[in-house]
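Listed next as structure tokens is one chain, alone, in the form predicted alone.
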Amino acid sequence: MDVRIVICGMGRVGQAFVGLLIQKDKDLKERYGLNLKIVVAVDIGGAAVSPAGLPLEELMAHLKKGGRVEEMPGFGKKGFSGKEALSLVPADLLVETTPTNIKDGEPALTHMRTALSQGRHVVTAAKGPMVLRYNEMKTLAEKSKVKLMISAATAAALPTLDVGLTCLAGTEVLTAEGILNGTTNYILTRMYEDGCPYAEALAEAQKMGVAEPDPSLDVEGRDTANKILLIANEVLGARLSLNDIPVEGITKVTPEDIQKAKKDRKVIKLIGKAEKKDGKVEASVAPMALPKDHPLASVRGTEKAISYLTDTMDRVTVSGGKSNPLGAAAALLKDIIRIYQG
């Protein structure tokens, strides 16, 4: 089956996705019968366009030399936007990898609205549209009878939604608890295991590339809040917004807090939690002192994890998954396979 893809966003995740298509091309055709063709690659200055499918190795070589997509010889179109691409070039699916924007969701919101309203499937790594306009996006997808897949926006390679929606089918999920941000878990691990001060652990994470130069989204707990919001809405059937979630990050965690937890045989982790209470779903983000036997207590370094408590299967926990652009790209590819194998 030929699948024509418009990809919006050619940063680290977008390029990792294109590289993955090159690497997995034979496997995708033989195992899944899928011939995935990128017909438009869009970035901030324009796009590379080929209705027959772009030569991906040439595209990657061009980008690695410092070229921009709109300058790709024979295919570049300066100023060609994602909305234009989705409106003018025949395609089956949008892959959305533009930077997450929690202020207004753009440009991903416009891209996703356009694709869904025109009857195209969407897989996205951008959280903004789903965090800000969850009900609208879901309604558009249902109305157009297409799939909207958001695995890459909910902890990338960690299969938070796959476990909650597929592996736990037939259960009632009562609680979801997660370590959903690799940066904060790395900092807390260094503070706990090595007595490293917060500022030093953060600087170390930045030097390693684990933390961004501006780490506020991570350390203030907002990234975790975005993810637990989507998990609560998808898996627990909530209809929450960010305003419903009290958020506390790790910036106020002191060495004294760490030592007290150690003395009590506990470990402090930044936990995103959603739970059913009296017929409602409540969610929160905060550092929590977990008992050593809690399944999330042993999650170290940059690893992430999700733990579900159900009515019939008891507790099910999954940890691991790459916290990098390749992990997000792999989640996007997984969602595409699920759309066409489902």
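Source: prediction; values computed, not measured. In case it trips you up, residue 1 is the first one in the sequence shown, and so on.
The same protein also exists as the form predicted together with another copy of the chain; that form is not shown, yet it is the one meant from here on.
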**Complete:** Checking 83, 138, 113, 147 against another copy of the chain in the predicted complex, the residue with a non-hydrogen atom inside 4.5 angstroms turns out to be 147
**Request:** Please pick, from 273, 300, 68, 37, the one residue with any non-hydrogen atom lying within 4.5 angstroms of another copy of the chain in the predicted complex.
**Result:** 300
**Item:** Stretch in contact, per heavy atom within 4.5 angstroms of another copy of the chain in the predicted complex, of 283 to 291, 53 to 61, 305 to 313, 39 to 47
**Value:** 305 to 313
**Item:** in the predicted complex, residue 171 touching another copy of the chain (heavy atom, 4.5 Å)
**Value:** yes
**Request:** Give a yes or no for residue 215: in the predicted complex, does one of its heavy atoms lie within 4.5 Å of a heavy atom belonging to another copy of the chain?
**Result:** no
**Request:** Look up in the predicted complex whether residue 159 has a non-hydrogen atom within 4.5 angstroms of another copy of the chain, and give yes or no.
**Result:** yes
**Message:** Would you classify residue 118 as touching another copy of the chain in the predicted complex, given a 4.5 Å non-hydrogen atom cut-off?
**Reply:** no
**Site test, 321, 334 and 337 vs another copy of the chain in the predicted complex, non-hydrogen atom cutoff 4.5 Å** = yes
